[in-house]
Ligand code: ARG
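Only one chain is shown below, in structure tokens, and it's the form predicted on its own.
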């Protein structure tokens, strides 16, 4: 049986009904204006997956429309995460990870996508997946076969031979390498074209070594400027944005000069390079929660000793530089590296963003309007008329206690209610 058909058959077992959007009025305690930080009372009319009208007493004027009582909840736009890895079992690290088949990894992706959506994240960017499993998952979600967030997907991440985006766990005898390995300007262009051919709408490449890879140094640049420029030029010519994994300063700077749209991790960024990012309109996606998981809960999950040693060095430096970027008013999105830690825990990062320099409103903006800007979504990331009806509800005021975002009571995506707890 064809691999894609086989996966489609398996994921169909997870659902029994088709989803549809109906005409609804949402009645809440208050709505957060993520542009200004103001809280106001109003009702929201939802129709065909869109926010049609926002005004007080809509239910009195439209008595035939069903009212959803959310009178104890604060409503905010659906959250976004710019750096996730939905495919695979998050408990498999290091050498254990190579034991998982692509079929099983995709099935885990179905479960991970549902957990992510129910945690209030209605849009995510999946940065790296073998066998275009993220493309298949995206299509299954778009067709309402399974539940999950709207996905922007990269397919296999591009990387140099032996780099962070290669697989370096096995010896030469196996001649094993990752699917996105490409060396030289014309080979990377070819890989960009291949990813686009098979459904990717984003390009991700590794500009430096990484924490979780074997035998790579996080400070060492991977890819030359010429290669990076070829990746960016080819991707942009097809209307695709480019995310560059980069911890080390030289790799960060080179990727920004090459024209990437976002820098992932940005651990060793300095003041000069923060200004360079601002001048070039480059977004920073800095996963400042995940270090605590790697060195705490995750340290006994098969993570390589080498990786733990790297994380002990890089974690605090990244947080200090995150604070520098906040103070410099850089463009910062909400990116968590979900998949290193269990999916559905994405909102844990909010408290770290506040601890390391952001106001609660800035942290929320990072996961709504700022990430929507990076994604190129002109009618998402906000609660406004003629915007997509991606809305979540929480008890309490996130401007007073950012941790309330870790317990979402209501989730609506594209006008469909996926979660509604009492309250």
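Residue numbers count along the first chain shown, from 1. What you see is a predicted model; the values in this text were computed from it and never measured.
Not on display, but discussed next: the form predicted in complex with this ligand.
By the 4.5 Å heavy atom rule, the three marked residues 287, 290 and 311 all count as contacting this ligand in the model of the complex. In the model of the complex, at least one heavy atom of residue 164 sits within 4.5 Å of a heavy atom of this ligand. In the model of the complex, this ligand lies farther than 4.5 Å from every heavy atom of residue 248.
Contact annotation for residue 294: at least one heavy atom lies within 4.5 Å of this ligand in the model of the complex. This ligand is not shown here, and in the model of the complex it never comes within 4.5 Å of any heavy atom of residue 256.
Only one listed stretch (219 to 227, 68 to 76, 177 to 185, 333 to 341) carries heavy atoms within 4.5 Å of this ligand in the model of the complex, and that stretch is 333 to 341. Among the residues 148, 298, 210, 156, the one placing a heavy atom within 4.5 Å of this ligand in the model of the complex is 210. Among 94, 315, 88, 130, the residue placing a heavy atom within 4.5 Å of this ligand in the model of the complex is 315.
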